[in-house]
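In the block that follows, a single chain appears as structure tokens, in the form predicted on its own.
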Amino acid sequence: MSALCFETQITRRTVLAVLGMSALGLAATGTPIFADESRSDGLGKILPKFSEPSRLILARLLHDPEYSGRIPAVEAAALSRNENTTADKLMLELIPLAQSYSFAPISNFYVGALVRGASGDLYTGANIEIPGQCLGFAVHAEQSACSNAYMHGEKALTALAVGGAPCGHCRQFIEEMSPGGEILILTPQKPPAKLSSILPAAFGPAALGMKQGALPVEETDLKLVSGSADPLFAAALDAARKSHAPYSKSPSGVGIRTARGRIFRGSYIENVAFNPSLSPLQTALVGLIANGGTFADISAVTLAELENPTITQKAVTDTVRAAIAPSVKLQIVSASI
């Protein structure tokens, strides 16, 4: 897990507090979010070299209640024009924004990453650590960005930007997203490099007989064993359908509901090397945090998986749930093919 650290640590909480206190949305006031310098403090601190027009674009995205760490291709192109920079350099310059969403209470090591999809959309990611739990439950920033793109239905990934060379764990996870190593790895002060050049002789999906990696997402035809009108059950089932579980044949998904009623989905994303796999709850937490939420916002968690799976996500999901939302009871629903 690599890092590009601020001279002064600016966390997502600080940024959102400044943004929330200093700016009212366009829909509410009819005026631009950052109409003057005092109102651009939040983005000004983390992206000091960005022009005001670019900050306006980003502010509009960040204040959208549905924002989920995705910068649409048209907005990314506008940012590149405004900053007179290339698409690759823009990704590097946006790393501090991604980093501001980092949640690292154990290491205090804040990491941000972005990936670019074949669509041209950009997806941010940040490292997430689970308080009091082993570091194996942590989501690395590169995994976070990749899984964010996955949950948005991106067809393929073309580039990943991070503050330093990805660790071996992340290189293996990225290989599942881009078998063959064609994805470009972008880091400051170094030329772009294909994944294959930093992960030679890679152990990829083909080693276990797979014809493709995690992308594009393939759906499994699942249905709930017993019906329910709860949208959270439907969200968990939808996430399970979109699982990438070609090795265990055990699709699973999680739905998280917040106190405000927002639902976030997380699919199980399996890796050919097994250990870099992401549990469905880890993936769902990426969406929650990308939206600006916190663990304290969680009001319900539902896991959907097969009745008799080869592997089960129950124990790991409940362990993480107990650490981040101890007052919430895990609901489990069974699905069948």
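Since the structure is predicted, the reported quantities are computational estimates derived from the model, not experimental observations. Note that residue numbering follows the sequence shown and begins at 1.
The same protein also has a form predicted in complex with a small molecule, omitted here; what follows describes it.
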Query - Interface residue in the predicted bound form among 129, 75, 238, 93, criterion: non-hydrogen atom within 4.5 angstroms of the small molecule - result: 129
Query raised in the report: Taking the small molecule in the predicted bound form as the reference, which of 193, 207, 259, 167 has a non-hydrogen atom within 4.5 Å?
Result: 167
Report summary line: Answer among 159 to 167, 239 to 247, 217 to 225, 199 to 207 for heavy atoms within 4.5 Å of the small molecule in the predicted bound form: the stretch 159 to 167
Query - Touches the small molecule in the predicted bound form: residue 141 (any heavy atom, 4.5 Å) - result: yes
Query raised in the report: Does the small molecule get within 4.5 angstroms of any non-hydrogen atom of residue 107 in the predicted bound form?
Result: yes
Query - is_contact(residue 151, the small molecule) in the predicted bound form, heavy atom dist at most 4.5 Å - result: no
Query raised in the report: How about residue 232: is it within 4.5 Å of the small molecule in the predicted bound form, going by heavy atoms?
Result: no
